[in-house]
Ligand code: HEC
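The data below hold one chain only, encoded as structure tokens and taken in the form predicted alone.
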Amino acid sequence: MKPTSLTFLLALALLVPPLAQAQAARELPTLSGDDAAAAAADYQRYCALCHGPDRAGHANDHAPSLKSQSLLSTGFPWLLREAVAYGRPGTPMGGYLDEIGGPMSQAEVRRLVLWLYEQGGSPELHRVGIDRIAGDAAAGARVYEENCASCHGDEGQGVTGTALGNPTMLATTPDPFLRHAIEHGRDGTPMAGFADTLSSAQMDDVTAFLRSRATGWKAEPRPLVPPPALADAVLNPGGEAPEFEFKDGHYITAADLDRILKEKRRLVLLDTRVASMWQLAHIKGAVPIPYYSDPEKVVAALPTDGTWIISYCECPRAAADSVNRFLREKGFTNTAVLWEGIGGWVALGYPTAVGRADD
């Protein structure tokens, strides 16, 4: 039997971490008593200094509340997981994942995030979507200056409010997540919602302005471009094959991927996330090929001459792993997956681009 899109989804279900599986079902797994106690101890050891022993936030360095229902209910547990794992470069929030020098394993990070949701009363996850919100970024800049800068800083650096001018946060946070916070605020914190102060169009404009800062607060807004066709996916067609050492069997590190891109080596770079995430931020040159794509069409368009095919995703590896496994089953031998995912890529300081996905 030939693999189908359903095959892709079934493979993905086996690989997606428990947190993401539960998110898809709008519920989160329950921690055992021992795991909950361990997570509570981790929180007090690593998080309480800045976020407060009761998770109320703003104990130090303007760290946000981790008990706000408006934060916990917006349906993106993976955003919180990535923030803990890789930190927010440019802010006092460092990364706690052992792979980048922190004290926690991936399992311990997931456990901590599940504990935070349980402590918050396990709120029902409210899907706010991931579609781009249309707005006037220039108008949003004026609204931001008048209503937001006093707390979040003229350049998003954070004053009494959270730093918003953070490329990692903006590159991995969907527009509706930002829009929800603007409209509803963060209950239990000084961040009040603007539903009764700003019009819907003004809140859209502020969201568009924040999105335009994803590549740097002072960066000039970039025009959106359509994604490249899969037929044009080969980067540096005249370049030599990349050279790197695998990590744990079939993974490439962000440092090696950055190096071979700078060396202009011949390769194909696949962004396997849902297509709308490609437009928020992607590694330059990547083609959006979501994990749910028709696999036969993907195979028919990929080069069969041994060109290296490198895939990445968000969580940080599940979707890319499923695509990579399928390609190997189809006879593609030169394939690899980005170990850190795009969240780690951005958090480690490597560049991204913005674009427009048409589906």
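Predicted model only: the values in this text are computed from it and were never measured. Start at 1 with the first residue shown and count on from there.
What comes next is about the form predicted in complex with the ligand, which is not displayed.
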So, in the predicted complex, is Asn147 in contact with the ligand at a 4.5 angstroms heavy atom limit?
yes
The ligand contact in the predicted complex: Ile289, any heavy atom under 4.5 Å:
no
The ligand contact in the predicted complex: Leu235, any heavy atom under 4.5 Å:
no
Wondering, does Pro242 line up within 4.5 Å of the ligand in the predicted complex on heavy atoms?
no
Answer range among 303-311, 317-325, 29-37, 60-68 for contact with the ligand, defined in the predicted complex as heavy atoms within 4.5 Å:
60-68
Three residues, Tyr251, Leu267 and Ile283; all within 4.5 Å of the ligand in the predicted complex via heavy atoms?
no
Counting non-hydrogen atoms within 4.5 angstroms of the ligand in the predicted complex, say which of Leu261, Ala208, Met277, Met191 makes the cut.
Met191
Under a 4.5 angstroms heavy atom criterion, identify the one residue in Ile182, Leu257, Leu114, Ala171 near the ligand in the predicted complex.
Ile182
Counting only heavy atoms, which residues in 146-175 are within 4.5 Å of the ligand in the predicted complex?
Asn147, Cys148, Ser150, Cys151, His152, Thr160, Gly161, Thr162, Ala163, Leu164, Met169
